[in-house]
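First comes one chain, alone, set out as structure tokens in the form predicted on its own.
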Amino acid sequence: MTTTSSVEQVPGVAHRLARSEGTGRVRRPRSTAGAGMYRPWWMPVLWIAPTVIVIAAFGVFPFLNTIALSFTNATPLGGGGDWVGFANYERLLTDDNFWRATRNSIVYALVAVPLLVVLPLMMAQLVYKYLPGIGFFRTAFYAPVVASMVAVALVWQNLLNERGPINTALDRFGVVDSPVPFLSNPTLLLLSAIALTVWKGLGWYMIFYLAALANVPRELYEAAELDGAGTVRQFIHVTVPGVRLTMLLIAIMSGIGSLRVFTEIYVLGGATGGPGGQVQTLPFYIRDTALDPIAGNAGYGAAVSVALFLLTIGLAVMSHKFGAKEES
């Protein structure tokens, strides 16, 4: 009785049910049938076509073309070149410059990634709570992100110069007897470039952590506080597990970014990549080998690009497996 009375109170429902009794079917209202009933089959394809075309033209095709190019001896201005098989990859195995650039890229990632995972989390902890004036510090921490890398690198070049403010201050306070060769010593130049990358990326990854911290239940901190856990123990046992997936994401993103570093080395170390090219990374070496209009070999540069791609994929897979192991 209740069901019948409720149906009769809805305008139009009793009428449609009465019309459908003779056929044994219950006719659904048009509004609930779904708009897909009146849409041509090709309409969804038309909606996604622009995105698919852009991805294919600027992503898939260049990737496949690079792989094909790595089996040729093409030059930057000479067209496709001749088929050479695996000659370019065999050359990689005996190329000391390639292995030096690979070592620099791996060292770059091994030093920069842990810093970019830990330091932004600490910064996010500092500015997470809403306090008077906290907006200023959030803006200050994020400001380097919006600045041009070239402009920032030029500022760092002036700061680290042998006659720059840092060496001047060190000499005035008697810390050093001679200027520190930040930009002429290969090791110090590599560390300076890493410091620039880390400094510029802190604010960007801090935003990721701020979003992750907002999803950590406050009850966990209250329970830890009742158990006598201090700030450090709460950070280790509550905050870190709560943002673990974000840490994995940042590790993968910063690792890929570290393997693609070019501008920092180019501006701080010059067009040669430091003294004698000692600080060249893989992207820098690709530019030298593939894009030189006179002695460049686009085929060999494509082979180095494929090697960089495989190195990047390997880093991402290792990070994912490490994160999955931690979760289990």
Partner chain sequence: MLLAGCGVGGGGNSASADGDSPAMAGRCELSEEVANDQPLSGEPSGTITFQTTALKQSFSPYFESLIAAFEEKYPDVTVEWQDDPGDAEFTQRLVTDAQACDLPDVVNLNQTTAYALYREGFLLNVSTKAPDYGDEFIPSIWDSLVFPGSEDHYVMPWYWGLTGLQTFNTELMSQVGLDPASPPKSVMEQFDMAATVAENSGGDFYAFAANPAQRVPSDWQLMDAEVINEDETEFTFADDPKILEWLEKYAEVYAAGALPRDTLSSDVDVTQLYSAGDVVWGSTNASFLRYVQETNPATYKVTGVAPLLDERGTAFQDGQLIGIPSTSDNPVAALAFAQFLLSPEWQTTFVEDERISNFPSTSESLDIPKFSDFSGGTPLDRANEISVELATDASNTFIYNWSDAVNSAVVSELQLAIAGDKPAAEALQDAEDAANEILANQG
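Since the model is a prediction, treat every value here as computed from it, not as a measurement. Numbering follows the first chain given and starts at 1.
Missing here is the form predicted together with the partner chain; even so, the following discussion is about that form.
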| property | result |
| --- | --- |
| Single option in K129, R218, R172, R163 placed near the partner chain in the model of the complex, where near means a heavy atom within 4.5 Å | R163 |
| Sole residue of V176, L77, A211, I236 within 4.5 Å of the partner chain in the model of the complex, by heavy atom | L77 |
| G299 within 4.5 Å of the partner chain in the model of the complex, heavy atoms | no |
| The partner chain contact at P283 in the model of the complex, heavy atom, 4.5 Å | no |
| Contact flag, L268 vs the partner chain in the model of the complex, heavy atom cut 4.5 Å | yes |
| Exercise: T231 in contact with the partner chain in the model of the complex, heavy atom 4.5 Å | no |
| Listed range touching the partner chain, judged in the model of the complex by heavy atoms within 4.5 Å, from 131-139, 113-121, 179-187, 192-200 | 179-187 |
| Heavy atom contacts to the partner chain in the model of the complex at 4.5 Å, residues of 213-234 in sequence order | none |
